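Coming up, as structure tokens: structure 1 and structure 2, two forms of one and the same protein chain.
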Structure 1
Amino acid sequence: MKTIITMDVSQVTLRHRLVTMRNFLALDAGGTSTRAVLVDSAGNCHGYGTAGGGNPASRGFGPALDALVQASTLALGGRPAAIEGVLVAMAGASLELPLHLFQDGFEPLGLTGDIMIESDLLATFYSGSCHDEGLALIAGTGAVGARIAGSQLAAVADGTGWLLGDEGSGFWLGREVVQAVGAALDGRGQATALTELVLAELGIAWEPNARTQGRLRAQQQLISRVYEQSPIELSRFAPLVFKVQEGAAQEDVVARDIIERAANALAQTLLAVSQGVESDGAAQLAAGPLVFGGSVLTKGPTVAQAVVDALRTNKSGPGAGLSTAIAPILVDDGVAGSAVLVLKRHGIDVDAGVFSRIQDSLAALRS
């Protein structure tokens, strides 16, 4: 019923609303893709557009700005609208960016107000909730946890990158998979069905007894292939651990161990940010909404469920203050949250009604 009303508002009275409502552009700028939405102050999303990577840290300033403008132009769809404000959610929002250049890029689109940059962590959280207190856990290529308080980031844990941490992330999983195969090949680790999958993926023939200078030839080839590519590309092997877990007639101990360690690390990241509010971290977890983002947590139930299990039996006492039903809210990205944020930052109260209008009208535009 609600959906029908929203469709009506956004289609029939669109022209009128664009004149009388306040309009905003909300962007979610990732390393490889950017999403933009035109949203009004009642939470109605009127247009949606996507483009390539829009993060200056990974793409460079010029190409990133081009992507932001391109996605925004698509979201505007040629409709004339005065844009009161633009909000861009991105990783590394604390970097000192030349905001006036962003401003110059957006003025031709009708921007009359300011452009602001916010953390992608906040945007991910607000994609799942309109509350101003809660927790977010994201495990995509990287992994990071955050506590939100007063609609700001109060604490951040991990997100320390592929070399230092990002434990439980896609990169972390991919590296663990290849390390486990390396160890299985030379006998340091247990045999695993991952070996066949990884060698096949890399086009390496498996000859059990072929050695050169004492080294198994398959392992030598594995080493060569891995060091030919950039370290971060190891994340491509992450899906194999789920494939093995799901497809195996009997459980693969090595794959299960990797998934369990990922889940425990992610639970630890979440507990780290949940502490400091109450002495009992577990009780705090149950208080506010818990939002999960990133493909590792949202594209399959395995890790998300294992994280919830790990939270129930955390060090602060096995589930003492914890609700029996921890139900994380799964979100695909930060574009809905960016729309929530741009309204909040312009003093607009995003209540449950506005929030569900954002969710529903955005979903209709993306479908």
Structure 2
Amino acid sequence: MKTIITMDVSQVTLRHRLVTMRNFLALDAGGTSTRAVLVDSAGNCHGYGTAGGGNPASRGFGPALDALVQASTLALGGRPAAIEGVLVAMAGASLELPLHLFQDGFEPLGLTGDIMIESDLLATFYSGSCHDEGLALIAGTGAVGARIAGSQLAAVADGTGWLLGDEGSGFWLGREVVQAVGAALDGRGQATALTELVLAELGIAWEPNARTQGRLRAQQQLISRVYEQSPIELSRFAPLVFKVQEGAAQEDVVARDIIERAANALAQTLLAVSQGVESDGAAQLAAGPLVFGGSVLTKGPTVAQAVVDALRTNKSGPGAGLSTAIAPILVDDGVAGSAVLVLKRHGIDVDAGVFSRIQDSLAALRS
């Protein structure tokens, strides 16, 4: 009696490539989600996996490492493979992390080389470009800008957290929204369509004649429910300003003002890290591509365009009188950039062809 053995051709092809090529794992570790990709030295991405937050600063080391390993295991298709190196991009990459514990976690997956920790700023930049010079601006929950030179961070501005900065970030926008609503409710500020949306978001009924000790009951409930949250949770209100600005039949003056101030703050962050050079009497942004990341800049054109407009019309501070053609590259996350970085850090030239293969093969895996 003959035994018939069947094999998945795609799995055989993948295992052959993994044997014949240099292989690496690249991860983009955020506070809420982690993305991992298996990439070879030619820029072909063979596997992709996701998991929960993988940043030790926000999750704790144990849960973060579990998420990194889980995403990587999925990228490997559930089976160990010969991995020459692992690169993890995350915020707070400058922290002193126990790399030997990372090593212990990845060795069962087939790691034979080293673990590298890089900044999420670099990963975001390299998700949009393979050049080694340029600028990156991220505005998600926080906000930070960077100038990249020689494949390293040459200058960084903001990213200082909700108490010291993060101007123009999701947190900043959310705080401005609830402050505007609080002012509108008691007459200190202009009426705005944001009021109805914020009250609905918090489950507060609007009763214009209901007062307690002279204060509107709706405002008293707003105060209580906002202060029940941690400050960073105010970012949940940021999308409301875009909803009002983009959906209103008539422009909401309050929402427009918040967006314009956010854009000006982000433009100043970017200009602060740029090496302005004079050209015919007008300051220019540093040479190289400009990459935008983070949901505030990428989930809608409003703030991104406003930042570009603010850069063009800046009249004070670094880069005053800016006159340049600005066309930012928008990226959703840093996983492609992590793949670029892991190859660069292992001495592999990432030219336009390799960069294109990374982007195309990763997009195919994610779809």
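All figures in this text were calculated on a predicted structure; none of them were measured in a lab. If you superpose the two forms and keep the largest set of C-alpha atoms that fall within 1.5 Å, you have the rigid core. Residue numbering: structure 1 sequence, from 1.
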| request: Only one of the two shown forms is the form predicted in complex with a further copy of the same chain, so please name it by number. | output: 1
| field | Did residue 81 shift 2 Å or more between the two structures, C-alpha, core superposed | value | yes
